[in-house]
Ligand code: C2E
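Before any questions on how it binds or moves, here is one chain, the form predicted alone, in structure tokens.
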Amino acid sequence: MGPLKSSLLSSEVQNVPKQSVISSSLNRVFGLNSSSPRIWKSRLSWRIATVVFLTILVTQFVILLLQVREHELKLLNDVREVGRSAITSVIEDAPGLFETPITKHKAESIIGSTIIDGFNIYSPKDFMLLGTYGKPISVLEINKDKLSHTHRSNDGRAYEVIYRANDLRKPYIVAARLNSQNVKPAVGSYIKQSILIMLILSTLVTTVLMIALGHWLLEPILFMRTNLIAARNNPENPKIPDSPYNTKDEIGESISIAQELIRQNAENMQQVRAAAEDKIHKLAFYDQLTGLPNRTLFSQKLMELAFTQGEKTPKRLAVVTLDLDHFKDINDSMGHNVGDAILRGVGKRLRSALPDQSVVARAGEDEFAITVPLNVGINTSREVAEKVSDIIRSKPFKVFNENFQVRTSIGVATYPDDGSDPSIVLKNADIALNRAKEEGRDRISEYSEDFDRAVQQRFQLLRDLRDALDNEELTVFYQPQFDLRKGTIIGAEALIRWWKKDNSKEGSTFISPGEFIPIAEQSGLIVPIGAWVMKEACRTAKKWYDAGKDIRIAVNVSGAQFYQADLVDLTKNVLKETGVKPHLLELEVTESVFMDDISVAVETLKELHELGVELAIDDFGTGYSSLSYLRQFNIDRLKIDQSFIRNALTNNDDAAIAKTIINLGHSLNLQVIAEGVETSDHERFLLAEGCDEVQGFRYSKPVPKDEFWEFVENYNGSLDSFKA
């Protein structure tokens, strides 16, 4: 192709500005570097930017698709116009009607120097071919329908067009083959430059839009997000700066509202925390019923009073603990509402009557603790205790129009006389209180070191008893029971015995049941001890039964066993494990245990009776039983307490009680057994009154099972054989 071809095509299709020029111009005009770096670190910003960029790009791409064909047609039209100009310049008037108007020399000249590769020339009227030059044309014959026809080769290198007489301004028609090989690259270049411009414009528009959005929307959102993160990390005291945004628009107003809510939330949380801490403090250190300090706070205040700074001499303090006597009876008989009212009344009366510098606390269910500095007005702890007793005794407590006269047991200790540590002094006051209750209640007991030793001895005895149970050092003795009329041995009472191992010459020391049983009951150890005794007794009864002796064994059941343990299941399991006949086991329960919870007692006795075991009320007459309840109990036997039998011959009241119990038992179709029979006179008295069964030292003391079996084997069947 010649220079004319290149220059013509270049001037027509390569006229788009360069990328660098556009980019730099846009940067100068719009200042793209002014956007905040925070915007471009935001995921939200990138999402928005991506959506905007792609939207603009796709839109421009669709437009480009529509423009590419138009641009290509324009380029082809330019090629057609170049060819027309070249042909027009060489057409002359033909000398004859059927002769060509273009000489061969001129035809070769324009074919060699222009984009024309070949052409045919026709007469305008009859479309007669007048001449053919250069490369052949695909259309040789033309007519009126083909005058607007164009054809482009498959490779795009040739473009065939028809010039009419009007196009040439000559009375001829020319079909020309034009060189269009530069059109396709020009279209490609146009597409590339358009795409580049599209990318630049998309980037530019996106950036400008993001700067605007960043300033008006994204930066405020990021600012709000920073505020919310600060509120989340430290909700009670969030570090949030003042908003720089105008509250007159929606975003600025939203930020202002959010900050206000954050501050309000912080204030609310601070108030809630303060209220919760105050509530927790009250729950931890104050009694909810009386509003008085509890034992924990009392101990702290006692420490503070004892170790007051700046005192030249140690401050002396009276420490008093008190317990309301028989308060449980008030709760059980009158209800907890009455009991609670009395507790509140006691606390209020003590607080108002004692000196301001004193501390009054509720230390337990019905226990109060008081400390008062000893000074000229009150010289001794005893005086404080007497004052406290007078405060409570001064007048009855009126609850629901009823008067309740309350008595109290009081324990007293003095700091630092009774201990250099205030907590020890408080413990010593508790020890003195326990001594006051043991001595009969309604009294004041001052601490003595002997009390502490006694307490330590009790704890040591409890530890030794637990070891004895674990090491199987306990044993069971048996005391025979007789049919008073027939003289036959009908049973035995199982009684626990303990020889505590020590370093004495004998190797052990006998511990009286009266000494260790109360400790076992207070500690709850009586439950496993009672279970062990029941199993041991049932094994023994089974052994005797297999040897031909039908001897019932009575086992004592404590209140703790009756209510705390599952007595029915325990009994059922023991009967199954030992294989003993149920009628050979008798359970003895004191009447006071039954009265603790009548409904539970009735149901338990019913279930035990269904097992087939015998049931007896032990120590009958020493407690309080309502006859209406007694009729509901599924029992087999009443056991007269030995105190009535021992004094029946010398005390008419005891004799009358014994007679009444016998008559009562028979009227209820119950057997009656008397314990504590020591002489033949006791025996005759009971026989005369119709008592059914007896046991006591007249016949035998409690003995080990082997000695008991020997006693049974040697017994001749007559009570007269025993010494008077």
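Numbering starts at 1 and follows the sequence shown. All values derive from a computational prediction rather than experimental measurement.
If you look for the form predicted in complex with this ligand, you will not find it shown, but the lines that follow are about it.
Engineer: Name the single residue among D167, D619, D323, D464 that comes within 4.5 Å of this ligand in the predicted complex, judging by heavy atoms.
Structural biologist: None of the other options qualify; the answer is D619.
Engineer: With this ligand left out of view, choose which of S358, S558, N434, S389 has a non-hydrogen atom within 4.5 angstroms of it in the predicted complex.
Structural biologist: Looking at the other structure, the residue within range turns out to be S558.
Engineer: Using a 4.5 Å heavy atom cut-off, which of 512-520, 242-250, 647-655, 598-606 contacts this ligand in the predicted complex?
Structural biologist: Within 4.5 Å of the partner lies stretch 512-520.
Engineer: Any of the heavy atoms of E586 lying within 4.5 Å of this ligand in the predicted complex?
Structural biologist: Contact check for E586: no, nothing within 4.5 Å of this ligand in the predicted complex.
Engineer: Taking heavy atoms and a 4.5 Å cut-off, does D418 contact this ligand in the predicted complex?
Structural biologist: Close contact is absent here: in the predicted complex, D418 is far from this ligand, nothing within 4.5 Å, heavy atoms only.
Engineer: May I ask you to check whether F61 falls inside a 4.5 Å heavy atom distance of this ligand in the predicted complex?
Structural biologist: Close contact is absent here: in the predicted complex, F61 is far from this ligand, nothing within 4.5 Å, heavy atoms only.
Engineer: Test of understanding: in the predicted complex, would Q479 fall inside 4.5 Å of this ligand by heavy atoms?
Structural biologist: Within the cut-off, so yes.
Engineer: For the stretch 518-539, return the residues whose heavy atoms include at least one within 4.5 Å of this ligand in the predicted complex, in the order they occur.
Structural biologist: Residues within 4.5 Å: I526, V533.
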